[in-house]
Ligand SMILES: Cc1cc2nc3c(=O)[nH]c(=O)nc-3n(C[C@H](O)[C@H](O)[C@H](O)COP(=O)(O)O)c2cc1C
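A single chain comes next, written as structure tokens; it is the form predicted on its own.
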Amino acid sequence: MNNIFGKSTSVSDALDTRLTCRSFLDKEINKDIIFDILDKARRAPSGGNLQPWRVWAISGDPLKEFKNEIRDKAIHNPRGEGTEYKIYPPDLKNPYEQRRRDVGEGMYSALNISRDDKAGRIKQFMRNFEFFGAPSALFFAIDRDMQEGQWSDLGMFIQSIMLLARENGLHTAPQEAWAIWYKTVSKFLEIPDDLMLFCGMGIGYADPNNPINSFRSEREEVEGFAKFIGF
């Protein structure tokens, strides 16, 4: 594996070093960098060229104000406001449920948070709503009229942003967890009613000294998910 905290010099390197960063340095990002990433990401694939994505970039005092609002609300309502879509399928079957459990246990193990440490696990979960200390954040929404194909387009757009972030020496934390605060997010950002919040994303410089950023989730080998026919 290449240096996960430096700049990526190829698509392969960006994919290899991309991770869900759960601890960022307190180092601001110039608006021009965010703009350039979005400018390049708009070339992501889009069926029929619908380009169904909408993005809000937030930083500085507005981001601090927003996080304070969420922190205050979470004291009285830690489960949030519900979601407008199912983040995971109900009754998730294996191997998917096991993979989900394994990645959670691996993450907590990296932080030395035991299974019995409920308070520690809740505290780490709530770090989601601090964007894990990221100095800037992105929110993504999609038109409510869109269907599964356009949600796929949105995912490819978000992936493009994450890879372009690596090219700039940045890391990201894509967070569907923000869906549980869709009412507050939509109100704060003045998201039009015809758009649905999908997720948030912290973006910034990874903290190389926090052990959580050394954790890498396992991936299935190619033989486990692909079949080659006619080769």
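Numbers for residues come from their place in the sequence shown, where the first is 1. None of the values given here were measured: they were computed from a predicted structure.
Heads up, the form predicted in complex with the ligand isn't pictured, but that's what we're talking about next.
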Original post:
Contact between Ala44 and the ligand in the model of the complex at 4.5 Å, heavy atoms?
Top reply: no
Original post:
Does the ligand get within 4.5 angstroms of any non-hydrogen atom of Ser217 in the model of the complex?
Top reply: yes
**OP:** Evaluate Glu176 for contact with the ligand in the model of the complex, applying a 4.5 angstroms cut-off between non-hydrogen atoms, and reply yes or no.
**Re:** yes
Original post:
Even though the ligand is not shown here, does Thr83 get within 4.5 Å of it in the model of the complex, heavy atoms only?
Top reply: no
Original post:
Thinking of Phe66, Ala141 and Ser186 as one candidate spot, does the ligand come within 4.5 Å of a heavy atom in every one of them in the model of the complex?
Top reply: no
Original post:
Taking the partner as it appears in the model of the complex, which of 33 to 41, 58 to 66, 167 to 175, 189 to 197 has residues with heavy atoms within 4.5 Å of the ligand?
Top reply: 167 to 175
Original post:
Of Val103, Ala74, Leu111, Met146, which one comes within 4.5 Å of the ligand in the model of the complex, counting heavy atoms only?
Top reply: Val103
Original post:
If we check the ligand in the model of the complex, which of the residues in 44 to 83 reach within 4.5 angstroms of it by a non-hydrogen atom?
Top reply: none
